[in-house]
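The form predicted alone is given below as one chain in structure tokens.
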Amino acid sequence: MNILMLGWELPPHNSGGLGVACYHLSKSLAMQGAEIDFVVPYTAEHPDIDFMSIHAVSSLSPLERNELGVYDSSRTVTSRELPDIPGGSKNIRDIQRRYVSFVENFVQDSEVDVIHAHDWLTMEAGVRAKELTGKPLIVHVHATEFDRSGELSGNPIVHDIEQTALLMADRIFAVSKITKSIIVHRYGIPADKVEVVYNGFDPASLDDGYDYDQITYRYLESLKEEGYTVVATVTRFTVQKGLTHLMHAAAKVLEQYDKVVFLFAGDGEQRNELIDLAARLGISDKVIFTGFVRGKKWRDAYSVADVFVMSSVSEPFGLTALEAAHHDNALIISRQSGVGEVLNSIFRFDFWDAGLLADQIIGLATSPALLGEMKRNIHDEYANLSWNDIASECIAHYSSVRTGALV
């Protein structure tokens, strides 16, 4: 089966979990015999990928791609129409126009059985490929504009792009029941057109000789020696992630129990706002900001932590929670995060309930026995989330849309 896979990023040039999910899904599909052509909007080396063909749409670098701000609520998409390519601008819509043009040319000369498009960034290209080839289109929804905008209304043009693609798709993959509910109730898509296809997890991909370096977070290690608990979040600093609620919970924790320190690993549009909020709450001495982390520093952020918090206002899945569990973290996950649908040994809270979140953090920080039990139990759960099983499920759906049958 020849799959045209349309995505916006792949490791090691990813800015979030979307690239990780695309990598592992594609790898498992290839292991089961699929031939994959993966289209990305930038030019870069992918030294660990030899199981599929990667096609670059433009000379844009991964860093320039990141600077487009496609995941930030502040991004400006002001036109539904894709611009003409001449002119050389490098805004989001220009790159998407180049992406669509590349796909139009590619499908003219290549055999394609299934088109698989990930998120709003590639949906227009997926729809165009379907129009030109008549081949079935899978739209894989890792997040909707309702998720990305958090408590805000989001960009109406992006909503429109998503609406069109969801209507045009032959089958829709939603990464959680939460996401399926949004697709059905907010976009008016029939429920039987939407399949819940959870993300998997590959522990072996993180067992690559990595060795935690205590020097990276020497200060935090010194605090742990004094009996402190490290509570971490590793994420983009956007409204979707609910970080202002987490900061208020941190203040409530420290009012009652002062041997807790908070690690905010990442970067994004809310960075300065969060730094200012920590100062106004009087807890700057207990909140550490790392800036953007990748590679070893990203792994070290998990390793130094005892507790991982996902405070998202709306998180379709949340692969970082599984990565944190692999690095021996207890998990506290908002009820608005899809990863909680596949895990049991966690604490849950509504993203806005800073009081409950504070109580849960204090409970873990003051009970080594409870903390250790949650860490042990979560290991038995995340290890069962196999990307190979997910790939088999996808292949079954591919076959069904090609034949017109239902799985």
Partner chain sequence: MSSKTIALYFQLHQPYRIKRYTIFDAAHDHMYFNDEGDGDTNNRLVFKRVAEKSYRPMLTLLDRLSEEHEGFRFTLSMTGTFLEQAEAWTPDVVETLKRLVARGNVELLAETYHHSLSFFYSRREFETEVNLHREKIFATFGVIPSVFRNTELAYSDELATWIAGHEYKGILAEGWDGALDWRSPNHLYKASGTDSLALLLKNYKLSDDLAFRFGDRNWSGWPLTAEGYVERIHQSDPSGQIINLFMDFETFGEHQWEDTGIFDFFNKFVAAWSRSDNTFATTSDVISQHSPVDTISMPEVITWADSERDLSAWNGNALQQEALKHAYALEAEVVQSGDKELVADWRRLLTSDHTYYMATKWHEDGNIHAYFSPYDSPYDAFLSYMNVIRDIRWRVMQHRKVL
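Bear in mind the structure is a predicted one, so any value in this text is a computation, not a measurement. Numbering follows the first chain given and starts at 1.
A second form of this protein, the form predicted together with its partner chain, is not displayed here; the remarks below concern that form.
Visitor: For the three residues L25, A174 and K177, which mark the spot I'm curious about, does each lie within 4.5 Å of its partner chain in the predicted bound form through at least one heavy atom?
Guide: No, none of L25, A174 and K177 comes within 4.5 Å of its partner chain in the predicted bound form.
Visitor: Might I215 be said to contact its partner chain in the predicted bound form, defining contact as any heavy atom within 4.5 Å?
Guide: Residue-level check for I215: yes, a contact with its partner chain.
Visitor: Would N105 show up as a contact with its partner chain in the predicted bound form if we use heavy atoms at 4.5 Å?
Guide: No, N105 is distant from the partner.
Visitor: I'd like to know whether Y210 contacts its partner chain in the predicted bound form, with contact meaning heavy atoms within 4.5 angstroms.
Guide: Flag for Y210 set to no.
Visitor: Does the 4.5 Å heavy atom contact test between S205 and its partner chain in the predicted bound form come out positive?
Guide: Heavy-atom contact with its partner chain at 4.5 Å: absent for S205.
Visitor: Just to confirm, with a 4.5 Å cut-off on non-hydrogen atoms, which of D285, E111, E255, E131 contacts its partner chain in the predicted bound form?
Guide: Checking each option against its partner chain in the predicted bound form, the one that comes within 4.5 Å is D285.
Visitor: Only one of I275, I92, I157, M168 comes within 4.5 Å of its partner chain in the predicted bound form by heavy atoms, so just point that one out.
Guide: For this set of options, the contacting one is I275.
Visitor: Okay, which stretch from 187-195, 93-101, 290-298, 328-336 lines its partner chain in the predicted bound form, with non-hydrogen atoms inside 4.5 Å?
Guide: In short, 290-298.
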